[in-house]
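The chain below stands alone, shown as structure tokens; this is the form predicted alone.
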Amino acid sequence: MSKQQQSKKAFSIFDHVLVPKHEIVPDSEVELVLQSLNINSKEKLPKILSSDAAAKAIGAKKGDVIRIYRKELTGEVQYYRVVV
């Protein structure tokens, strides 16, 4: 493996200051998230493409719900997306 290939593998998009933390919501928590947002179907969540760099990096598949932690002036805020 070349040095360039090694450096590409070692790079994580989450190391960049502008990329917030992403995580897959466990199936056991999805229903609670939907209830807290007052929606009845994960298809009503905002979408994120399965080809998105962050979704790829965490291994998200179509139908997964992703939790995104963003830092706001008022503190850390959680956003949710469904992978399409």
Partner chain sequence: MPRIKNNNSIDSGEAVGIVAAQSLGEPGTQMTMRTFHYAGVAEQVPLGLPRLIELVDARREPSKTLTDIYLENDMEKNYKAVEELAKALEYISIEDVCSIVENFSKKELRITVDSEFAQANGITIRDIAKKIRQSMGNAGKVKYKSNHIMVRIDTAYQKLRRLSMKIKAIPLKGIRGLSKATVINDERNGIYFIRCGGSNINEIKKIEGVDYSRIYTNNVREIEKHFGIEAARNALLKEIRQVMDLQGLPVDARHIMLIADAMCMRGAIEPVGRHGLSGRKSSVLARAAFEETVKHLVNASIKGEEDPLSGVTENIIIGQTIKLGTGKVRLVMKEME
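In this text the structure is predicted, and so the values were computed from the model without any measurement. Positions refer to the first chain, counted from 1.
One more form of this protein exists, namely the form predicted in complex with the partner chain; it is left out here, but the text below deals with it.
With a cut-off of 4.5 Å between heavy atoms, is S28 one of the residues that contacts the partner chain in the model of the complex? Close contact is absent here: in the model of the complex, S28 is far from the partner chain, nothing within 4.5 Å, heavy atoms only.
I'd like to check something about I24: if you look in the model of the complex, is any of its heavy atoms closer than or equal to 4.5 Å to a heavy atom of the partner chain? No - in the model of the complex, heavy atoms of I24 and the partner chain never come within 4.5 Å of each other.
Tell me, yes or no, whether K61 is in contact with the partner chain in the model of the complex, where a contact means a heavy atom of each within 4.5 Å. Residue-level check for K61: no, no contact with the partner chain.
I'd like to know if L37 sits close to the partner chain in the model of the complex, meaning any non-hydrogen atom pair within 4.5 angstroms. Yes, L37 lies within 4.5 Å of the partner chain in the model of the complex.
Any residue of 21 to 56 with a heavy atom within 4.5 Å of the partner chain in the model of the complex counts; write them all down in order. In sequence order, H22, S36, L37, P46, K47, I48, L49, D52, A53, A54 come within 4.5 Å of the partner.
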